[in-house]
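Provided below as structure tokens are two forms of one protein chain, presented individually as structure 1 and structure 2.
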Structure 1
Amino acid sequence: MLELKGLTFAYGAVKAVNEVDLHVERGHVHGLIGPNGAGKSTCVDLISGRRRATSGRILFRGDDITSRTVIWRRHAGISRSFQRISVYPQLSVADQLDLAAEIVGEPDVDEIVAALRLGETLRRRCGEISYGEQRRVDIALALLGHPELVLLDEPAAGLSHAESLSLAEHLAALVRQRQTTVVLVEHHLEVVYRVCQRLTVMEQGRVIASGEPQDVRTQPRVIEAYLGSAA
């Protein structure tokens, strides 16, 4: 589905993403974890087209999309949410969902609204609803139009423990039903272990482990770099 080959990106002298190789299977929820500053968001930026890779290649369904535009990628089926919520504060929730739905051709917005439990907020402006609700609007915008690959950048950040778990549950059900492949960047490990079929761990721009969650979480290197002894 998605393959990164030697993907590298540098902010000036800092190599935020360094020779990353990654393989994401169709239909999987693929977790991408690692300490802050590991380069996860930058990876998402590269896959979604927000930034251009310094070197390396991105393959999507076998095609090289490294130099495609954001818009091309969105219509080809790659979409994303943002770590720093990106919504339309002055538009009502209904308005922005409808608008985006119509651009990408989503026939059933209400299914997404129901899955993310946004029904109550539809008529309110996005700037007026709670942080958790804004997060869900951001995610809803990413899910519109049946994208094949959705990149979620810390969807549970800033949510309470209970909120995170319930969001994860609803999201997992929705993407399973819609057969969406997901790359999930998340710090909330319980969420990660519950929903991910594969896990990749990054540190300082490099992949330090990748595989089945139960294998990855027991590797000494991962424990040292990220999980700590508690895991």
Structure 2
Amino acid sequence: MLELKGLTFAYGAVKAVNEVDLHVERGHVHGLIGPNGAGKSTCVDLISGRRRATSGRILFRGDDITSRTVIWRRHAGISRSFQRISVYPQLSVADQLDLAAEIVGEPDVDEIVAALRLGETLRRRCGEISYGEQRRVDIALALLGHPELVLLDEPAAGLSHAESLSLAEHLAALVRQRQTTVVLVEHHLEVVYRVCQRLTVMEQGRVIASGEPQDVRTQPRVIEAYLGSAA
């Protein structure tokens, strides 16, 4: 579904992403983890088109999309959520979902509402619901239109432990129902281990490990990179 080949993004002499190779299988939730400043969110920005690569290639379904725009990529089936919630606080949840669904041609908002348990919030303004509920609305917006590839940038940020695990369960169910491929950037490692079939670990812009979660999490280099963190 997605392949990065030698992907690099530099701020002058500083390489925030440094020759990253990544292979994401169709239908998988692929975790992208690492300490702060590892380059994870920059990678997501490059895949979504919000930033342009200094060098390297991005392949989506085998086609080179490195120079394509954000809008082109969204129409082609690449969607994303952000670290910061992007809901409109004055709109009701229903109005926001319906408006976005009309734009992207989503025929079944009810399926997403049910899977993310948003039914009780539909008549309320987004600014009035809890932070965890806003997070679920944000993910619902990213999933509208049946995108083939969804990029989720720290969806559990700011949530309690229980909320994070609940979100992981909802996300896993939606991925199965919609046969969606997900690249998940997340610091909450229990969420990552629950939903991801593959993991890639970054440190200082480079990939230091990649593989199945049970194998990656025991590698000495990965443990060292997470010293002093939640890992």
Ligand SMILES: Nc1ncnc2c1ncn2[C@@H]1O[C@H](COP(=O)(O)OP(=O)(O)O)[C@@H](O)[C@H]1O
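What we label the rigid core is the largest C-alpha set whose atoms superpose within 1.5 Å from one form to the other. Sequence positions of structure 1, starting at 1, serve as the residue numbers. Just so we're clear, the structure is a prediction, and the values are computed from it rather than from any experiment.
- Taken from the form predicted together with this ligand is structure 1; the remaining one is not.
- Relative to the superposed rigid core, the position of the CA of P220 differs between structure 1 and structure 2 by less than 2 Å.
- Once the core of the two forms is superposed, the Cα of A13 has moved 3.4 Å between structure 1 and structure 2.
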